[in-house]
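Given next, in structure tokens, is a single chain: the form predicted on its own.
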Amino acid sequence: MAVQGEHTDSLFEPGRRSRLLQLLRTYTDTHVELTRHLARTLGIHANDAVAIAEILWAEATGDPLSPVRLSERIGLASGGTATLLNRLETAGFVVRSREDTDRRIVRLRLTPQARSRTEDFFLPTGEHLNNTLDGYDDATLEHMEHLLTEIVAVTAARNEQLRADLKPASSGRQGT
């Protein structure tokens, strides 16, 4: 806690907070670059690789994506996501399955070959990350998880606000 009158660092001023947030941005940048390398490895477009990585992660966490949720995750409109999924399905990377009791719900899964190739690509990074995290005790990891959860919540709330602010403006014609 800062003492009254003491200068504390912030997002836009040098200090521990700005360094921490810059490291989060740098992690995001390096992850995006890693996904571009996945695209080259698989011989596909970068957006397709982002979708494949999202589908893999969702499957790995036991919550496979629907096309709508994929669309939200990758920032494409439903039509763009449908085109992307058709391309990935035709290329043998993705299958759509109806595995819920409600047969209208479609889940996205990687094909066994796509899963194997994608997991092989991410395995070295995953092993190094696991080794890095092994260097921290559970209490430290819990603190980091709490901090990152709060940072994500703040950012997500701001994004939600910005999306809500766009809705009235996008319903009418502007600049004509």
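Keep in mind that this is a model prediction, so the values were computed, not measured. Numbering starts at 1 and follows the sequence shown.
The discussion below concerns the form predicted in complex with another copy of the chain, not included here.
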| item | value |
| --- | --- |
| 4.5 Å heavy atom contact, Arg73 to another copy of the chain in the model of the complex | yes |
| Another copy of the chain contact at Asp48 in the model of the complex, heavy atom, 4.5 Å | no |
| Any non-hydrogen atom of Thr149 within 4.5 angstroms of another copy of the chain in the model of the complex | yes |
| Contact label in the model of the complex: Thr125 to another copy of the chain, heavy atom within 4.5 Å | yes |
| Heavy atom contacts to another copy of the chain in the model of the complex at 4.5 Å, residues of 51-71 in sequence order | Ala53, Glu54, Leu56, Trp57, Ala60, Thr61 |
